[in-house]
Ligand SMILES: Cc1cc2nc3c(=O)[nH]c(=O)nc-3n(C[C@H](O)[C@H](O)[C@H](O)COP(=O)(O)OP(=O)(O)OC[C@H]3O[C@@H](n4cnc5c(N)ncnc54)[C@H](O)[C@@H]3O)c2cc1C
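Next up: just one chain, as C-alpha cells, the form predicted on its own.
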C-alpha cells in the first residue's frame, strides 16, 4: 500500500484519537524479527516517528535502551506533591505546536503559560530601574550576537559581547548561554544561536512533559530495556542487533543523542560516515540539571511559577523556578561549565550548592527550611550523556548534515533541527520528518497536492527559557 499525503494526514489524526488501551509495551514479550521501519530510541523524536509510520499503515517497532519511554522527557510523579519534570519542562510556540492538541486529545492539561520573573541583587530584589538596566544589557548583547552572525565567519557568542555591560555582564552571559542552551557563550556558535526560533511563548503540561510523551507512546509497540548494539545498513535495507536478537527492516530511524552517536555505544556496519560523525561531534550536548527542593512556607516570598535569577559576577550561579504549580516545590537549575563540574561531584555537592545559593540570596533561615531533595545528573545518564545539543563555533551546517540519509538509515532528534534544536518541539518535528523520508524511501508515502501545514519560521530575539 502507498499512502498519499492527504490520506496520511487523515491517518495521523485517527492515530491521535486511538484509546491508550490499544497500545502495548513489548517488555518481556519476544522481540519481533522484522518490520518495515525500526525506530531506535523512544524519546520525543522516536515516538513522533513511530506514530507517523503507524499512521501510514506500516509495521514499526521501537527499541529503547532505557526502562521507560520519554528519553530526556521524564516526569517524577511521586517524590513531591506535584509532578517534577526531571528533564524538559516546557513546550513552545502554542500557535503551531501539534503537541498541544495531541496532549489535550490524550486527556492531559496542556496550555500556554506566562511566568513571573524576578532578579535578586544580594539580599534584595532588583528595583525597577535596575531591572531595566539588565534588560537593556540583554538586548544589546543579543543584538551584538545577531550582528556578528551575519558575517562570513562563525565565531563564538562570547566574542561578540559588548565590553561595557558593566555589573550585568556575567548575568547576561548566563541567561543567554548556560541557562538557555546548556553551554557558556564562549562554546556556542553565534550563527547557530541566531538561527534559533523564538522560544519565549511557553506551553506547560500540568501532568508533566514526560507524562505527555509517555502517553503519546502508549499505542505503539515499544520494546524497553533493549539497547541497539549494531546497525548494519545499505541502500536496500537494514538490520539492527540487540541483546534480544536481530531485527531486519527496510529502513531505520535513529533518534539517540549526538553524544551517544559519537561515543561508539552503537556500532555501524559499514562504519558511521565521517561526515555525519564530525557533524555530531560539533553538536555535543551541553549540561543542564535540576536541583529540586521541598521548601514549605514560601520563605522566598516568590509567586507561583516565578523564575528567579541573581546579579552574578561569575559562572557560579543558577536560576530557580519557585513554587511549582502552587506547591512547595522549588527547582534550582545549574548549567554550562559550572553545572557540568558541579554535577560531576555528585548529589551531595549539588544540594550543598543549592542551600549555599539560597543562603546568599535569602539567608540561612531559608536554606534551613529545605526538606526533601532530588537532583538530576544528565551527563551521567548512559543513554543520553548530557542535556541539549549546542553547536560550537563553525558548526552551523552540522545540523543539516545530520538530516542526510545514511543508506536506508535516517537520523532524528533535537540536534537535527536547524531552528528548534534543544527543544521537545524540535525533536518531535524531526521525528515526523525522518519518518516521512523513510516512508518515501520504501515507497510507502507519495506526495500529492496537499502539503502538510508548515510551521512559521521565527528568529530568536529573546532569551529562551528551559
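Positions refer to the first chain, counted from 1. All figures in this text were calculated on a predicted structure; none of them were measured in a lab.
There is also a form predicted together with the named molecule; it is not shown, and the following applies to it.
Chemist: Does the named molecule get within 4.5 angstroms of any non-hydrogen atom of residue 367 in the predicted complex?
Modeler: Taking the distances in the predicted complex, the answer for residue 367 is no, it never comes within 4.5 Å of the named molecule.
Chemist: Hey, in the predicted complex, does residue 250 get a heavy atom within 4.5 angstroms of the named molecule?
Modeler: Although the named molecule is absent here, residue 250 would stay clear of it in the predicted complex, with no heavy atoms inside 4.5 Å.
Chemist: Determine whether any heavy atom of residue 53 comes within 4.5 Å of a heavy atom of the named molecule in the predicted complex, and answer yes or no.
Modeler: So residue 53 does not count as contacting the named molecule.
Chemist: Against the named molecule in the predicted complex, would residue 66 count as a contact residue? Criterion: heavy atoms within 4.5 Å.
Modeler: Answer yes; at least one heavy atom of residue 66 falls within 4.5 Å of the named molecule in the predicted complex.
Chemist: Work out which of 402, 60, 409, 424 lies within 4.5 Å of the named molecule in the predicted complex, going by heavy atoms.
Modeler: It is 424 that has a heavy atom within 4.5 Å of the partner.
Chemist: Identify, from the list 71, 336, 103, 208, the residue with a heavy atom within 4.5 Å of the named molecule in the predicted complex.
Modeler: Comparing distances to the named molecule in the predicted complex, the residue within 4.5 Å is 71.
Chemist: Taking 42, 227 and 378 together, does each of them reach the named molecule in the predicted complex with some heavy atom inside 4.5 Å?
Modeler: The answer is yes; 42, 227 and 378 each reach the named molecule.
Chemist: 350-358, 124-132, 108-116, 81-89: which one contacts the named molecule in the predicted complex at 4.5 Å, heavy atom to heavy atom?
Modeler: Correct option: 81-89.
Chemist: At 4.5 Å, heavy atom to heavy atom, what parts of 163-179 sit next to the named molecule in the predicted complex? List them in sequence order, or say none.
Modeler: Residues within 4.5 Å: none.
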